[in-house]
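Shown next as structure tokens: one chain only, the form predicted on its own.
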């Protein structure tokens, strides 16, 4: 038997950030491409941009920078603010998981 928990961040009652959006930003960081990141997490390019725009608006920070053209083509990179937010979210998620796991073991003796 295992316990699972899920957390997300809301602003004014609207979801802003959770696991799925974390995976999107991590995939953008990995591939340098919103299109490739969207494919990786099985959402449309349009939906990915919708998530990014909503996150930026609700969080009040710029998450991605588009790079155009050039020798190796364009791409998208995470901003320093996005990297910082991601790192903090991962710490929060890990901390919540530790608390939930500990409580589960205490109650169920697992």
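Residue numbers count along the first chain shown, from 1. Just so we're on the same page, rigid core means the largest C-alpha set that superposes within 1.5 Å between forms. The structure displayed is predicted, hence computed values, not measured ones.
Unshown form predicted in complex with a further copy of the same chain; subsequent notes refer to it.
Novice: Using a 4.5 Å heavy atom cut-off, state whether residue 95 contacts a further copy of the same chain in the model of the complex.
Specialist: Yes, residue 95 is a contact residue.
Novice: Answer with yes or no whether residue 27 is in contact with a further copy of the same chain in the model of the complex, where contact means some heavy atom within 4.5 Å.
Specialist: Answer no; every heavy atom of residue 27 is more than 4.5 Å from a further copy of the same chain in the model of the complex.
Novice: Is residue 43 part of the interface with a further copy of the same chain in the model of the complex - any heavy atom within 4.5 Å?
Specialist: Flag for residue 43 set to no.
Novice: Looking at the partner-bound form in the model of the complex, is residue 59 within 4.5 Å of a further copy of the same chain by any heavy atom?
Specialist: Residue 59 belongs to the contact set for a further copy of the same chain.
Novice: Listed by sequence position, which residues of 4 to 32 have a non-hydrogen atom within 4.5 angstroms of a further copy of the same chain in the model of the complex?
Specialist: The stretch touches the partner through 4, 5, 6, 7, 8, 9, 10, 11, 12, 13.
Novice: With both forms fitted on the core, check whether the Cα of residue 94 differs by 2 Å or more between this form and the one not shown.
Specialist: Yes: residue 94 shifts by at least 2 Å between this form and the one not shown.
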